[in-house]
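Before any questions on how it binds or moves, here is one chain, the form predicted on its own, in structure tokens.
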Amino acid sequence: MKLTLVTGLTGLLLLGTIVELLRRRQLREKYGMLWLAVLVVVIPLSLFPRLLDNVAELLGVASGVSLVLFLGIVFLLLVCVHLSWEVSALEEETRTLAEDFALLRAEIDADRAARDELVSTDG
């Protein structure tokens, strides 16, 4: 009973934290919705642990704990793959922006050199 209560309260605390981070715009909506969806599943399962055992039995898994462990690992692997994909896209965007910035800087330097040349020949 204590573990059920602690798990349920932890889920509710995380729910409040996610909502607050979304409200303050410190967490993007797409990630917030993902975590809220996870909590919608986790909170009822934490409050009704027999339900987890029934789901595990329905899926042919030995125990609810094994099912949670497996699904947790799969979920975290998917999050890691997604974040790696996001980082790769950001690296490409950063590289493109750095190249554009370097080209603009070279253009500005060339314009300054031409202007300085023009001023020095007129003066």
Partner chain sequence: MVNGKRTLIIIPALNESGSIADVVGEVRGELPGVDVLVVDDGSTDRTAAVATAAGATVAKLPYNLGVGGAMRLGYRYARDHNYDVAIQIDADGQHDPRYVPKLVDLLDDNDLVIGARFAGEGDYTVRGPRRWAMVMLSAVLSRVAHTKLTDTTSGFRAANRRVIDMFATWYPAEYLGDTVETLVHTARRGYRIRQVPVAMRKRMAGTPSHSPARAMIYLGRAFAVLTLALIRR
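Numbering follows the first chain given and starts at 1. Computed from a predicted structure; not experimentally measured.
If you look for the form predicted in complex with its partner chain, you will not find it shown, but the lines that follow are about it.
Residue contact check for residue 19: one or more of its heavy atoms lie within 4.5 Å of its partner chain in the model of the complex. Proximity of residue 25 to its partner chain in the model of the complex: non-hydrogen atoms within 4.5 Å are present. Residue contact with its partner chain in the model of the complex: residue 107 places no heavy atom within 4.5 Å of it. Taking the partner from elsewhere, residue 29 is found to have a heavy atom lying within 4.5 Å of its partner chain in the model of the complex. For the options 58, 97, 62, 80, the residue carrying a heavy atom within 4.5 angstroms of its partner chain in the model of the complex is 97. Note on the partner interface in the model of the complex: the residue among 68, 43, 51, 33 having a heavy atom within 4.5 angstroms of its partner chain is 33.
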